[in-house]
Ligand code: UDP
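Next up: just one chain, as structure tokens, the form predicted on its own.
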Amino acid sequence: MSSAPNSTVEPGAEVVHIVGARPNFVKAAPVVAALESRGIRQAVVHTGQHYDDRMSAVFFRELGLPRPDVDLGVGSGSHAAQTAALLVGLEQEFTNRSPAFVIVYGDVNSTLAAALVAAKLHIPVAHVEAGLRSFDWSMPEEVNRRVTDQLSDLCFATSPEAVAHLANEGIAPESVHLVGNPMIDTLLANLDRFDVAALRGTRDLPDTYVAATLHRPANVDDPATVARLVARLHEVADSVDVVMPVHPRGRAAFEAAGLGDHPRVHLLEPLGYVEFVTLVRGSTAVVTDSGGVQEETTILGVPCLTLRPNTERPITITHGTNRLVVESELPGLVAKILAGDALGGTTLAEVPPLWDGRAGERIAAVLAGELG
């Protein structure tokens, strides 16, 4: 079945989904639905890594996810403290449940902890969104996804280059499945809910705006970096309104740097899934450091300026609207976009392979085969 020495699966047993942060919920929803349609018993364990209603519960409501069977409530903390709490809580949960498969998503600390606990308990692990690589070891997410893939029995890849990365790292080919992107399943399933005109009314938004979302440590932890970002965003706002839902992780830093002092910068609380993707859909361009937003803009055809030196999702550059930038480039690039310049790589060329809204079904089919 795979490269990991886990136990034989008993037919009819339960699979357990591990979710902890908002990107996990969006990816899990189509997989949960597809497994349910096949009559496979499943449970959802929410680790509580994201615990604010606007970062967590609203996603369950909007995406039709079943109420979590368990909420471990680990909360925030340092990587060590949070991961330690996850290891303890998940070990108890898996010991009590004895799942046939543990399904993990993405690259957050909850994903790494669940894979590690399951592997040591000889429970098979399936990793959704396997094989993504930034090759930047300073990113905690890079550590998480590499270790998780080595511990996984099934690696579900979203793109061809992810399959190649797994092969280069010695993952058994029979363990790897190119299935497409379940985050795009969720986006396509909800397209008719992304009503830009309605959002402009409820949020009092201008007709033309740039959406921004920033939360990664490299962009929000150093006050000097934040000050430079704020200065550039204010330059952008001299030409076009900037609308930014502020992630809790960076709120204090951005407020201290005076981000909201510009009259054309509109700061919002974190948005639920439908409101946020609607905000992106209606924007002229997006400034972000989020992985998921790079993928969503690729499908929505919105120019995406990613404030990072690298991306684990290069297919969003070759097949989508994404472009890696530094903060000094923002005002000039936004001005070009406003003038109608496509900026080369920010023109939607073609949809990446298998990003067709059926990734959840493909994942469920493979899991059903394993479950017998």
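These figures come from a predicted structure and were not determined experimentally. Start at 1 and count along the sequence shown; that's the residue number.
The form predicted together with uridine-5'-diphosphate is left out here; the points below concern that form.
Against uridine-5'-diphosphate in the predicted bound form, the set 216, 245 and 272 is in full contact: each member has a heavy atom within 4.5 Å. Here is the short version: of 334, 32, 45, 26, the single residue with a heavy atom within 4.5 Å of uridine-5'-diphosphate in the predicted bound form is 26. Contact with uridine-5'-diphosphate in the predicted bound form, defined as a heavy atom within 4.5 Å, holds for exactly one of 290, 150, 175, 190, namely 290. Only one of 227-235, 119-127, 199-207, 272-280 places residue heavy atoms within 4.5 angstroms of uridine-5'-diphosphate in the predicted bound form, namely 272-280. Contact annotation: residue 296 falls within 4.5 Å of uridine-5'-diphosphate in the predicted bound form, judged by heavy atom distances.
When contacts are judged by a 4.5 Å heavy atom cut-off, residue 183 counts as touching uridine-5'-diphosphate in the predicted bound form. Of the heavy atoms in residue 22, some are within 4.5 Å of uridine-5'-diphosphate in the predicted bound form. Residues in 115-140 all lack a heavy atom within 4.5 Å of uridine-5'-diphosphate in the predicted bound form.
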